[in-house]
Structures are given as structure tokens and as C-alpha cells.
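Encoded as C-alpha cells, the following chain is the form predicted on its own, with no partner shown.
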Amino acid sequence: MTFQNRTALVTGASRGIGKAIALRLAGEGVAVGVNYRERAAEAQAVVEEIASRGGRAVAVGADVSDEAAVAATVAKVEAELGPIDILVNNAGIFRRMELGETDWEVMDQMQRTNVRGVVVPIRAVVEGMRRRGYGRIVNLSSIAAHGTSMAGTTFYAASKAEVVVLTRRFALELGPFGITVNAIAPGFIATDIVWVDRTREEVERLFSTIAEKAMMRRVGKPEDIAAAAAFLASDDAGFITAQVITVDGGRTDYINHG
């Protein structure tokens, strides 16, 4: 992959998929702003890991739905690392809810982070990208947006479907300025969140169940998503835009494949 003195901002990069993306981009020679909301120590650990490998990075705390905080984040990253050429909107939250137990506060939380948390960072970096005639924006959606059959994911899926629509519309608007906008729709990815409130036996059963639904017969790793993000963020992907790349090992439990 080709990267020419690029700087990236990766949101939600203190752990999981975001961390893997930050490390992969840094490994490709990209300077990385490691965004976090609450986990400052973990974000700093990512920065130190990047530095130990000879890379450049800075930890930047901000709620991605907060315009002032994101503007300050962009200013800090650009002051320390250079103009932001790559934005990876990874920050997101998942809350399981059934129709009969709708919690509007929880729905609002998902909307703020999963949808507004995509729009706000894009607005914060896009003018600089326009001026320079170059940009790579990668948004994290989910296969839930395609319609998987997993119970309790309907409202989360709705927020991630909005990410798909925004991706395509922003790609249409920004393409003439040399800016690509794409999305990745991950399947089930084994991150530390999976272990919350579950025993080892429960996690193993879950992995087995999910693997049976995938053509590749395994669950995903954060590095699987990081590889796709790195490609879409590279100079090599300059003629790819408005696309949603599904990285799910070939899941077969879609409600609708259309």
C-alpha cells in the first residue's frame, strides 16, 4: 500500500478495532491521532506502542458528537503531526434492545455516537481536505445495517444503516475535491467487549455459534478490519468511493441479501 507522508485521525482508537486500525496505519508510516472518550491510559498505551515501533502518534480525548471538542482534537493533531489526510470514523456504541423494551435515552445515545459522531469529525476535517485536493474518509458501519438475523440489534442496525447512507451522499459531494468516502461493514469481531459479563465457556459457545454462520468458519479479528481500513485509506484506493466493504467471513444469516 502507498502512503505519502500522511496523517490520520482514528476515532475510538483506545482499544478493539480502532486500536488495530491505528496500529496498522502507523505500521504503514502514517502519523496517527488516537482519539478516545474516556480511556486516556489505554489511548496513551497505543501511542507508546506506536512510538516504540518508530512511528508518530498523539492521544486526543473528545466525545465525537461534541463539535467544540472535535475541533480542538483536529487542531491538536494537525499542530503536532500535520494536516489530517485520513479520517477513520470508528467510534461507536452498541446497545441491545427489543421492540417492546424501547429505551429512548439509549436510542439517543446510539444516534449521537454512531451517526452524529460520524458527521461532526467529517465536518471538522473536510475543509482542509478540500483545500489540499486530497482526502480519505472511512466510516465504520456494521453488517447489522444489511439485516442480520441476530436478535436485539434492530435499533443499532438503524443507526449503522444511516452511516451507509451518509457515506454514499458525502462521497457524491466530496468526490470532485479528490476526497473518497467509503464504509466498512464488519461482522462479528472478537474484541474485549465480547468478554464483558460472560464466562469463558459462554464466550466459546458464542464463538462457535457465530463461526457456524460464516463461510470461513471463524469469527473476525480486529486486524481483519484494520487491513480493509488501511487499503481504503491508502493512495492506492483513489478510484474507490461510495462503497460499503463487508468484512464478515461470509456470513449466511442475512434477512435480506439485497
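Numbering starts at 1 and runs along the sequence shown. Computed from a prediction, not measured in an experiment: that's the story for all the values here.
Beyond the structure shown, there is the form predicted in complex with a small molecule, which is absent from this document and is the topic of what follows.
Partner contact region in the predicted bound form: 139 to 147, out of 125 to 133, 139 to 147, 173 to 181, 74 to 82, criterion any non-hydrogen atom within 4.5 Å of the small molecule.
In terms of contact with the small molecule in the predicted bound form, the residue from 210, 189, 31, 50 that brings a heavy atom within 4.5 Å is 189. Relative to the small molecule in the predicted bound form, residues 7, 56 and 59 are all farther than 4.5 Å at every heavy atom. Interface residue remark: residue 214 is not counted as part of the site for the small molecule in the predicted bound form, having no heavy atom within 4.5 Å. Mapping the unseen interface onto this chain, residue 107 falls outside it, with no heavy atom inside 4.5 Å of the small molecule in the predicted bound form. Residue contact with the small molecule in the predicted bound form: residue 16 places a heavy atom within 4.5 Å of it. Taking non-hydrogen atoms only, residue 227 never approaches the small molecule to within 4.5 angstroms in the predicted bound form.
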